[in-house]
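Structure 1 and structure 2, given next as structure tokens, are two forms of the same protein chain, each shown alone.
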Structure 1
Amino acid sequence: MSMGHHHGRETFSSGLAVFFATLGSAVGLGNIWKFPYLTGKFGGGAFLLVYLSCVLLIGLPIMLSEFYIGRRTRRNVVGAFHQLAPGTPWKGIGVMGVSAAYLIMFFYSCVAGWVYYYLFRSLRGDFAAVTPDLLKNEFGAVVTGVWTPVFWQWVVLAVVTAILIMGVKKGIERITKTLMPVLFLLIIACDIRALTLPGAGEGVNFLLHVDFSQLTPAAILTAMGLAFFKLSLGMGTMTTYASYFTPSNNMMATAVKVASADTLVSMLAGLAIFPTVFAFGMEPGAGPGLLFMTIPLVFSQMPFGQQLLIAFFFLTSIAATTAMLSLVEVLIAYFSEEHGVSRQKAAIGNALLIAVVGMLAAWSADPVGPLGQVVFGGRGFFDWFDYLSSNILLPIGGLFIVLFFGYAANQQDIIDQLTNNGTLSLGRSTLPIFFFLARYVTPALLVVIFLNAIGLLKV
């Protein structure tokens, strides 16, 4: 069975390159703030156990489905379904992936712009002697300003576009192989400093204590959603990256390593943030504001805080950038392969489109922003982009991807791909389990995630 190699199409150079690029797609801003906070809120270690179970039942089956589809076809997310199921409605999955990538980029580029802005300000030393009120005003200025948020959104898009124009090997691979190890080192440096603070133990306890009484239905639904959303699934990024995998790549091992490393990044981020927050008597449930208001305040009050603040916002900007690379690559691969547009034109054209529509998100992110009062259906532009992608397209996309893998794809073809034509013995023994999950368990859980996401499941 052919591995589907298309002559002249770029691939990653090694298994390590595949790992770092895929991990770069999975690690995003949610790892740095959202996951550690929710872990602490819903029972620490107990929540973590549920989350890891959900990764096995939801995350890995969908990731493997996307890996199979991408490497088998060596095509973009739309072309892949054209090839595997020509003339059928399955191609709609690819269209949904492209749509989701656009919607996410419209608002995610805006938040990434805030991170770049804070990195710039920390490099200038602007947070050396800040107060809570000053930081609140600072955050308000970037979120509600007219041109500041848009300017930094454009800076992010320019960086991402420049990397993507360089291609798969010279752009995505080189940057992710460099930046992901740097991200780990920066997090560990922040951890070491945070854990040596007086009172840090309370923050560690918040994050890691095992409290099964906190495992409410809401906590379990949150763990299920995180196991899906945090791994960049259902939007075509994993399918697109898998189309660049090496023929010898062990896709099962890659999926397990990426899911494990993604969780590790989240926990290390939590160990940097929460001991620090508790040591200074801050509120751990400060939401996204924790990233932009609490962290600068706390770091400004500790020795070497200036250097740590730069390190923290640099690692946060790495997470935002590598996640965006994978999203825009979905669009570039689609336009260059399905419509014959050159890589450079596809990259620049999509960046311009995201920059223009993304302004709506930037200006509506805050109620007092330029478009803050433009609300329809109870949401502004920023919230609609987020809601439609996260709550509608991603769960439905993930559901159909895993159903395609479980029911429509050729089973022998899947076995050949995931065992590298029988050379990997591990795949043969574990594949029946994944087929069972993909057919029955994962789809059922995704329906629950979708119903919860759109508010039909009340707990």
Structure 2
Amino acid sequence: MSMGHHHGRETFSSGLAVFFATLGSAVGLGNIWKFPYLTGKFGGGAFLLVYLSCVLLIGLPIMLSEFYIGRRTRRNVVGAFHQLAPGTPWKGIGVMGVSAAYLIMFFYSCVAGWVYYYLFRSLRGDFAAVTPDLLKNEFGAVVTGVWTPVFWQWVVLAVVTAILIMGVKKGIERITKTLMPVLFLLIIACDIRALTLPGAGEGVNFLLHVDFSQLTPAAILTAMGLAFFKLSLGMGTMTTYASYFTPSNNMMATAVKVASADTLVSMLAGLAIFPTVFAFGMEPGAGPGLLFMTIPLVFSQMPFGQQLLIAFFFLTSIAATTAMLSLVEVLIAYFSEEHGVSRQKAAIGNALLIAVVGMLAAWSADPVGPLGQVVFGGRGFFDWFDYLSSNILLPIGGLFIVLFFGYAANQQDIIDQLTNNGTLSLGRSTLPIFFFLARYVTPALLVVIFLNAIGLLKV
């Protein structure tokens, strides 16, 4: 099975397409919704610092491992391990990855539904005159509603499914290449406005001020989980996308570019949200509703404010949608290659399943919601889906992926793959660094952070 000649298997058509598709997976609600509210909750700068270290020391080596596994095998995440290590338990990584894709989709499609709904409302001009209290009530009504959140969740799933049915090139590639640049321009426009608000400096300080006293083991685990979630790592998303990479792609460069651009978008989102929070005297630790309760304020009562508000929810919809393309693509590639289901059937079948189970998330996102009181082990469905995937499955998956890369895979094969058979000179010099990280640093950090968080180890 030589590279690039899998029957009927598509690839992206250029390096640029590879970059935008992969960035489209990384940039999502993680940047615009999760990153700001977690940074707010865990006290700002110190959390940010841990997060950045995780991106560098844990994220990058795992991303590179996934790129290698994906492009080397040109298969879905289960098939990839089956091919590289037949008859071994390594394919358990693939099975875990498929499970994580479901768990994430259950709650992700729900939050994306709220975003679509806010886009719709801003298009209708509903946020022309708002106050902090009004927005709080508005958001409360959304997350405690019965059919509104579910309806919008289904709209989201329909859009994602329609794009995916078009295929890797005509669907994923075309959409991400068109929309990612738009997202970037829109977020810069929003930043310019937020940073010129009176009192914006306090928000910037909050983001940059480092105070280690708030860095509990739980905060560190969360920062690490966020790094996985943000970069779509530990579950085979990057493996699946890399299986569509061009043979000539410089994957080390792609990994560095995607991780940097993703971090930049997170910072830009933080810079849009925190100045607003402080300028309007709101709580930075307000939780999952932070985005929905602050952003409409930024743009209220100012020239072109309503247009900017539409721009903001549009860009967030783009981010969420392109990330979901990559989540569901893991499932589609798996079902079509391992079980012979057509792309179309796999897309529709999975969307239906996610629509049904996803209702559990939509109804448990708020304690006052329809299933808000169904709590086990201190969490409801929504929080369990999120916690289990980000803080447990992705880090464990990531640990095994990096161990596979560092110890089990054929090292010469990795070198050939990552240097495109020796044609990339840069690879020769940087690869040893990645091997060192992948063998010692990344696994050690993962284990320490993990044991520390579950209380088995005190550091």
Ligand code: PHE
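The first residue in the sequence of structure 1 is number 1, and each one after it adds one. In this text, all values refer to a predicted model and were calculated from it rather than measured experimentally. We call the rigid core whatever largest set of C-alpha positions still superposes within 1.5 Å between the two forms.
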| item | value |
| --- | --- |
| Structure corresponding to the form predicted alone | 1 |
| Cα displacement of Gln153 between structure 1 and structure 2 reaching 2 Å, rigid core superposed | no |
| Exceeds or equals 2 Å, Cα of Ile220 between structure 1 and structure 2, core fit | yes |
| Threshold 2 Å Cα movement between structure 1 and structure 2 at Phe206, rigid core reference | yes |
| Rigid core fit between structure 1 and structure 2: Cα deviation of Ile449 in angstrom | 3.6 |
